[in-house]
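To begin, one chain is listed below as structure tokens, in the form predicted alone.
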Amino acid sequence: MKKLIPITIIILIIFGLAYVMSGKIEPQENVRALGKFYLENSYFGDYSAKSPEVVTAILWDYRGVDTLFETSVFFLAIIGSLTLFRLNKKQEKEAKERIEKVEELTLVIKTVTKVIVAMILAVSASIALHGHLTPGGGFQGGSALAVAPLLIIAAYSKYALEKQGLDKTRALILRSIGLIGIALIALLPLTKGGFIMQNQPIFPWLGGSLIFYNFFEYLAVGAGFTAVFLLLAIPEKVFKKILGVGE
């Protein structure tokens, strides 16, 4: 039965591609009124977000409240994951003591990991901080950023991160800073006679508030995923012994 599931998925993908390539799905020739509004007002126009990146303008400006709720749902999922796999300080200490020797990968893999992690940090920051100018944004950048600690956990172990000061608690603090930053940027226009999440003319420079939203989203997403990874990196047999599961 389990083997039939991937086979079924592959067959559905093949049929879907065949249907698309058959020409039965015709491309949209005319731009809809709403799409035309976004294209005309992303960088120019009376309701401009002053951003040449239309997708970011739509996400954080024209439908920013909706994006804010989507972000809230995502972080409630993170909180749920942390609640399910939570350990108190005593249990975390016990988990560390139960692992007598952490198995690390070879020197070649660890060296390559250092280079790749440095590249990931640079690329993810570029994706987030240039999200108001080029394709990208805070969520995409934060997701890319979370790959760096995941690689370190795989090559070195979770304790290598914790020795450098990036433990679950600090990851949660960074995540909270990201969420607070988003909330402050959203409420700041109200102090200047504007509306919640209003961009221009409250933030009169290129991209306005979009770069701040992207930065804090980048911080919150990357730190949120990292906190979950650190908990999931505890070996299953150790986790079960601590919680008394399966004994």
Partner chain sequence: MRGVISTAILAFITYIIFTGSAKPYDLFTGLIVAVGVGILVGKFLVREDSKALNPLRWIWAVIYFLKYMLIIEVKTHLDVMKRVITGKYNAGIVRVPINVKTDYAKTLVANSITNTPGTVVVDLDDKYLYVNWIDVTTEDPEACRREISEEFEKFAEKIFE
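Note that the structure is a prediction, hence the values are computed from the model and not measured. Residue numbers count along the first chain shown, from 1.
Missing here is the form predicted in complex with the partner chain; even so, the following discussion is about that form.
Enquirer: Closest heavy atom of Leu151 to the partner chain in the model of the complex, within 4.5 Å or not?
Expert: No - in the model of the complex, heavy atoms of Leu151 and the partner chain never come within 4.5 Å of each other.
Enquirer: In the model of the complex, does Ala220 have a heavy atom within 4.5 Å of the partner chain?
Expert: Heavy-atom contact with the partner chain at 4.5 Å: absent for Ala220.
Enquirer: With the partner left out of view, is Val117 within 4.5 angstroms of the partner chain in the model of the complex by any non-hydrogen atom?
Expert: Val117: contacts the partner chain in the model of the complex.
Enquirer: Give a yes or no for Ala155: in the model of the complex, does one of its heavy atoms lie within 4.5 Å of a heavy atom belonging to the partner chain?
Expert: No - in the model of the complex, heavy atoms of Ala155 and the partner chain never come within 4.5 Å of each other.
Enquirer: Could you run down 108 to 123 and flag each residue that has a heavy atom within 4.5 Å of the partner chain in the model of the complex?
Expert: Going through 108 to 123 in order - heavy atoms within 4.5 Å of the partner chain in the model of the complex - the hits are Val108, Thr111, Val112, Lys114, Val115, Val117, Ala118, Met119, Leu121, Ala122, Val123.
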